[in-house]
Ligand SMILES: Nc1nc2c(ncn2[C@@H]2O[C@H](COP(=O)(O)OP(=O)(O)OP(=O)(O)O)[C@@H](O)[C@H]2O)c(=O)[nH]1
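Shown next as structure tokens: one chain only, the form predicted on its own.
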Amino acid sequence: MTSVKRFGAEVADTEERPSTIALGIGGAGRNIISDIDSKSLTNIRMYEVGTTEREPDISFIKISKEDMHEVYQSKYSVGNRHLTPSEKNIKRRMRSADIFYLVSGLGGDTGSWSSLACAELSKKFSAFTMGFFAKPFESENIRRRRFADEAQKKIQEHVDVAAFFSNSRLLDMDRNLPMMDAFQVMNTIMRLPMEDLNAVMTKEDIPHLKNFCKGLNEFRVGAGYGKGRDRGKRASKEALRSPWLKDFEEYYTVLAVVTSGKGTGEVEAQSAMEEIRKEWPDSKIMWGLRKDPSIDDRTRVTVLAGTSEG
């Protein structure tokens, strides 16, 4: 039997919102994080984490590959060894954060090594950590794919929510869609949970969400828009058709955010939750509602679904 609970607040004072830090790690992560709409999210601080400084849109944290490789190979966790200079650079930005978002691509050296270091630090210095990680195409060389799988297993031990996005799922989208446009779609879907959750969550939600997601290995994300009559239902159906949700048949925990433009958010949300209950009748669901006039008369549903398989 599906369990459905609401979390968050559509409207809340700034002090009720959690303090949040988002780290875009390596090339892929830096590209995604720079697209986040920070204007409406006043409680989020964003940093690019990388080995080479470019013209960053946001603050930059410099690291070295040598330091990150040392951390990745170490048999000791944070607290049981001396931090590398790069870790100290990251740690300095981690004070007073309730939530950490980590975003990167796995398979390459910088993304894989650095994501683990950031995950270990965030576990120690924050209350709740969510990671969003892209993985290589199945057609890429086997070393890169195995490296991504290895990094995934290590990272999962240190984050509360770990969502993974296989690049191969881009091929399940419109075959006529240019690859650069397809990557932009994936980048959008990877950042939407951060934007939507952060606009809904309050500090009081954190321990409940942490417990809600406990014991689940992997999460997948879907997002969809609806317009016109039954737009909440339409948006939910589109979100559930996400190519990344195809990886598993059943999901046990679902975090959902319904974003309403000009419509009646409560009605749209109830309709959207009904579709999710139909899809996964044995799941536990927590959902929140937010308003965003920028999407006009549309409704968006963002789904973060977790499974114990892996």
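Note that residue numbering follows the sequence shown and begins at 1. What you see is a predicted model; the values in this text were computed from it and never measured.
One more form of this protein, predicted in complex with this ligand, exists but is not displayed; see below.
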With the partner left out of view, is residue 109 within 4.5 angstroms of this ligand in the predicted complex by any non-hydrogen atom? yes
Using heavy atoms and a 4.5 Å limit, would one call residue 144 a contact residue for this ligand in the predicted complex? yes
Answer for residue 285 alone: is it within 4.5 Å of this ligand in the predicted complex, judged on heavy atom distances? no
How about residue 140 - does it come within 4.5 Å of this ligand in the predicted complex, if we only consider non-hydrogen atoms? yes
What is the one choice in 84, 152, 126, 167 with a heavy atom within 4.5 Å of this ligand in the predicted complex? 167
In this chain shown alone, the residue from 235, 102, 190, 159 with a heavy atom within 4.5 Å of this ligand in the predicted complex is 190
For the interface check, one of 66-74, 27-35, 241-249, 269-277 should have non-hydrogen atoms within 4.5 Å of this ligand in the predicted complex; which one? 27-35
